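Single chain ahead, by itself, as structure tokens, in the form predicted on its own.
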Amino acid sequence: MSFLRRLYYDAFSSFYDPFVRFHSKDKQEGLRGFLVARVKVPEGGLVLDLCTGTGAVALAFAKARKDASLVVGLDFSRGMLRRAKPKALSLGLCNVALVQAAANALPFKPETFHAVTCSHAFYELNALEMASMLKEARRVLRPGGMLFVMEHETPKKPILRVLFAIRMLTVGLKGLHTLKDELPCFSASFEGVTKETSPSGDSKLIIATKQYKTHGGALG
């Protein structure tokens, strides 16, 4: 993660929440609810939310599973995390931890988490960062754990499709390749990969499973 990009998100953190509320409050709340409902962890399970920003998804999950899980919200921007902390305190959430680190260099031991989430941030990474983030997500997931990545679906309207393609190009030419071969990109690090469309149709949820291994080494 570049120093300049970190500075950008630190500065943007001051306007991020008002920006989201102004443009798409209801839609974003619906998407968070859709994502949180799909994440299943056992009682006392551990959840890691990558690129958590100001903590919207992490706090939504912590609130929904207040009596059960510890949720770790991770972001490389200190500014974003500073915005997330008072939100957690105002909600009275004691099952949230905030960590500053890069999504492609996680400071956790292998097989720590039951689930890993990432909402509308995967496409902000370049191709190398995407690949390393997936490898890191697999490393910190327990066997049978699942990765949930929510991203914008490719727009149907021609003008919006062009703008979306330009956005993908900002992370390099391989960004468009990743968009074209999205599921194989995930399959390089995970055994079971599926994709669902959100109720609004504007976003997609990619679910990747770290399958168990039998004693003989085969996947089960």
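Position 1 is the first residue in the sequence shown; the rest follow in order. Quick caveat: nothing in here was measured; it's all calculated off a predicted structure.
The same protein also has a form predicted in complex with a small molecule, omitted here; what follows describes it.
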**Message:** Even though the partner isn't displayed, in the predicted complex is residue 115 close enough to the small molecule, meaning a heavy atom within 4.5 Å?
**Reply:** no
**Message:** in the predicted complex, is there a heavy atom of the small molecule that lies within 4.5 Å of any heavy atom of residue 111, even though the partner is absent here?
**Reply:** no
**Request:** Find out whether any non-hydrogen atom of residue 103 is located within 4.5 angstroms of the small molecule in the predicted complex, and reply yes or no.
**Result:** yes
**Prompt:** in the predicted complex, does residue 76 have a heavy atom within 4.5 Å of the small molecule?
**Reply:** yes
